[in-house]
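We begin with a single chain expressed as structure tokens, specifically the form predicted alone.
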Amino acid sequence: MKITIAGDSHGPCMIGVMEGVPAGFKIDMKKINHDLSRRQGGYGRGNRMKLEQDEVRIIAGTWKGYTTGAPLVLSVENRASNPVDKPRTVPRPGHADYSAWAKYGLPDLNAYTERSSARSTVTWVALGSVAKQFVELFNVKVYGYVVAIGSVCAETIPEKREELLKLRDESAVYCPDSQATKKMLEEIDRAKESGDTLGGSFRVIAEGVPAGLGGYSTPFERLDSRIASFFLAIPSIKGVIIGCEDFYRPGSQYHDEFHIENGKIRRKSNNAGGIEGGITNGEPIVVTAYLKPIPTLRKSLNSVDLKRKEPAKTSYIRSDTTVVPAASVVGEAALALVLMDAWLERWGCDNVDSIRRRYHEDISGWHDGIR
């Protein structure tokens, strides 16, 4: 499966192309638009989200709502225009401005905003929503939530998915800890008032993933390698951890011991985060991602004028105070896309019914001890 993202932040639209989608898969547009709405939300978002009304259009790859096996092409219209009219020559620390200028050499830094903007994630989410719908055909559930914003970290996370999602959806920052939510809102308000921005972290979980996805024959076949690659492609993410973050434990406490539960092989813990040796082990996949603060601040930072070669202060360009809640939705999309790709790699990519048959035959034989 191949993913391509095209379009500019302030161009007519953003486009996402997914090649290798099997035929016979019915796409639910309401679910895609619901995820797009979640991406637009979250306390701390800026004025642009008041301008955009994200809805997906399918340009190609379906017939009467069903995929045909041809490349799936999705489009989301842009409504907001670029708020900066004049050429910009002062790079923002932490942004792609300077590094992109050093590579591409275009004198107006506004040109780099078009591709380095997080607006591109709107098509990530649209394609990822399709991937979530695909893996749901096999009872795999992918969901995410906010762990930390600024200095505030959630402390109480429900173990049951239904309760966690209920609390998450009631939270303005997509955090299932109600006490932490209140503190996060206060932290965001303080940052906004002082002209600052906040980073944080979110977690994405995939439940129901069978053992055996991924591989170790080459380093980049490893599923954890592929997950990290997708997550680090999301703007602002600087780190990814799969499984337990307490690496200071000795091996006797860290590694997940086996046991038999209802006739099936399970683990007593899930510190590995569902992946061992680059291959899924049947436990939930748990990915935690860490975001830096947004580099566009109302509070000016020290910089230089690339044209005049003299010290300068950064100017403010329309932005958010924090995007951690929205990024958690993009993270769901990233994990779902990796899983769908690994699924098709393992059980074929021709027709959904054929994939179902091969999957169930394989899994039933595995549980019966045939393999």
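On a predicted model such as this, the values are computed, not experimentally measured, just so you know. All residue numbers are counted from 1 along the displayed sequence.
The same protein also has a form predicted together with another copy of the chain, omitted here; what follows describes it.
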Q | One stretch from 213-221, 174-182, 137-145, 159-167 that, in the predicted complex, holds residues within 4.5 Å of another copy of the chain by heavy atom | A | 213-221
Q: Let me know the one among N33, Q40, T68, S319 whose heavy atoms come within 4.5 Å of another copy of the chain in the predicted complex, would you?
A: T68
Q.
in the predicted complex, is there a heavy atom of another copy of the chain that lies within 4.5 Å of any heavy atom of F202, even though the partner is absent here?
A. no
Q.
in the predicted complex, is there a heavy atom of another copy of the chain that lies within 4.5 Å of any heavy atom of P293, even though the partner is absent here?
A. yes
(Q) Is V209 near another copy of the chain? Define near as a heavy atom within 4.5 Å, in the predicted complex. (A) no
Q. Is P284 a contact residue for another copy of the chain in the predicted complex, using a 4.5 Å heavy atom cut-off?
A. no
(Q) Given a 4.5 Å distance limit between heavy atoms, list every residue of 250-265 close to another copy of the chain in the predicted complex, or none if there are none. (A) P250, G251, S252, Y254, H255, D256, E257, F258, H259, I260, G263, I265
